[in-house]
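This document opens with one chain alone, in structure tokens, the form predicted alone.
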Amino acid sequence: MMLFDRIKMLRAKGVIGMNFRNIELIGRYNDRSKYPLVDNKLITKRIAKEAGIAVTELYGKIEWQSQLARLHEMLAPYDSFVIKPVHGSGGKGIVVITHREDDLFIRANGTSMTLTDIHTHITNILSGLYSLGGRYDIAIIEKMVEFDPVFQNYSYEGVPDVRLIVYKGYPMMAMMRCPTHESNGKANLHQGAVGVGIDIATGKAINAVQHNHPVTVHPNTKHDFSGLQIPHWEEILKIGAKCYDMTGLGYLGADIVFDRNVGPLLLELNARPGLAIQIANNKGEYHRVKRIDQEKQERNAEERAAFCINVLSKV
């Protein structure tokens, strides 16, 4: 396809680029003073709980190197847990421990860590190795999500999540990010996870890509994505809409996971969400942005979610 024809096709689909995202969406609607609400996972947990949104349970946090002297004691009550940097991004620095075998901690990908390995990893987190801007960081230890078995055929060595793009409080586009062996069990597309575009009206899969190329089955489980249906779909959209109310950010990404016992949980928020969701959906964000711009900004979260199901899904 000639370059001109390709540009014409992308415009017809409403695909936006980095300049439009940075200037017309992030620059215009995301007040930088509100970034700490989403860049700091501890603050995000607190304001989400205040807004009535379920989050993963926090076991503890490590702010200082001296606290590592009590690491064995801190981890003793838990057979499984997740370690994260508070200011991390892109899944960097996240370690998922699924169980223990004697003195070893077994990760989701089957490899093992000793207590000394975990000590070293947390030291790296505190030094800022995985944080935005390389600044000193805090390590949090939280409960491992027991992911819903309805997704077991669509994930490998990790927990899938749903990424919503929320514009002015309207969850306007969605995709499920499915971990693979290549992504090391992480739900990050640039590491090899599969992005599955989701119909905003029904929660059903409409398209899937890996490394920006179309796929029809999961590369490891070989299960067909055409049968994927996200449960609790209306509730998922309401959570996304509420994230706007609790942060005031006009353009954000909301990542939601599914716990078999608790249901949907808000995992984290992103004030600078990527644009790969357009490829996963084979549809751009532009036309939906313009449709939302026509609406009065007086609806509550439930009404905005209903608008996305009944109206925006047809745009």
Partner chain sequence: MSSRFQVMVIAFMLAAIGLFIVWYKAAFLNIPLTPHEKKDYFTISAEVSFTGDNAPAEITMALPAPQEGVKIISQESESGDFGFTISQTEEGERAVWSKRNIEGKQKIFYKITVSPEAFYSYSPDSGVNAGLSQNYNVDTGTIFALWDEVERAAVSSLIDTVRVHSSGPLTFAAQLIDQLNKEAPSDSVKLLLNMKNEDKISLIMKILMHEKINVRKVRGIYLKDRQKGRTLTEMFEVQTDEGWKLFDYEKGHVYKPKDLFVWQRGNDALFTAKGVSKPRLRFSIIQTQVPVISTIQQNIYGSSEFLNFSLFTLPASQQNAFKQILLIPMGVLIVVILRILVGIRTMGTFMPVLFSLAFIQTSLLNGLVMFFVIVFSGLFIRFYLSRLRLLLVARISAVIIVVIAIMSLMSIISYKLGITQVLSVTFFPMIILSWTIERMSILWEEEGGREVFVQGSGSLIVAVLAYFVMMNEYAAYLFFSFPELLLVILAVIILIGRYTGYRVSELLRFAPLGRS
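Residue numbers count along the first chain shown, from 1. Please read these numbers as outputs of a predicted model, since none were measured by experiment.
Not pictured, yet referred to below: the form predicted together with its partner chain.
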inquiry  = Among the candidate stretches 41 to 49, 250 to 258, 281 to 289, 263 to 271, which one is within 4.5 Å of its partner chain in the predicted complex when only heavy atoms are counted?
reply    = 281 to 289
query = Counting only non-hydrogen atoms and a 4.5 angstroms cut-off, does E24 reach its partner chain in the predicted complex?
reply = yes
request  = Using a 4.5 Å heavy atom cut-off, state whether N19 contacts its partner chain in the predicted complex.
outcome  = yes
message = Within 4.5 Å, heavy atoms only: does K186 come near its partner chain in the predicted complex?
response = yes
request  = Mark S226 yes when one of its heavy atoms lies within 4.5 Å of a heavy atom of its partner chain in the predicted complex, and no otherwise.
outcome  = no
inquiry  = Considering non-hydrogen atoms and a 4.5 Å limit, which listed residue (T202, Q152, T216, T123) is close to its partner chain in the predicted complex?
reply    = T123
request  = Using heavy atoms only and a 4.5 Å cut-off, determine which of H232, K92, K143, K168 is in contact with its partner chain in the predicted complex.
outcome  = K92
ask   = Within 209 to 226, which residues have a heavy atom closer than or equal to 4.5 Å from its partner chain in the predicted complex?
value = N212
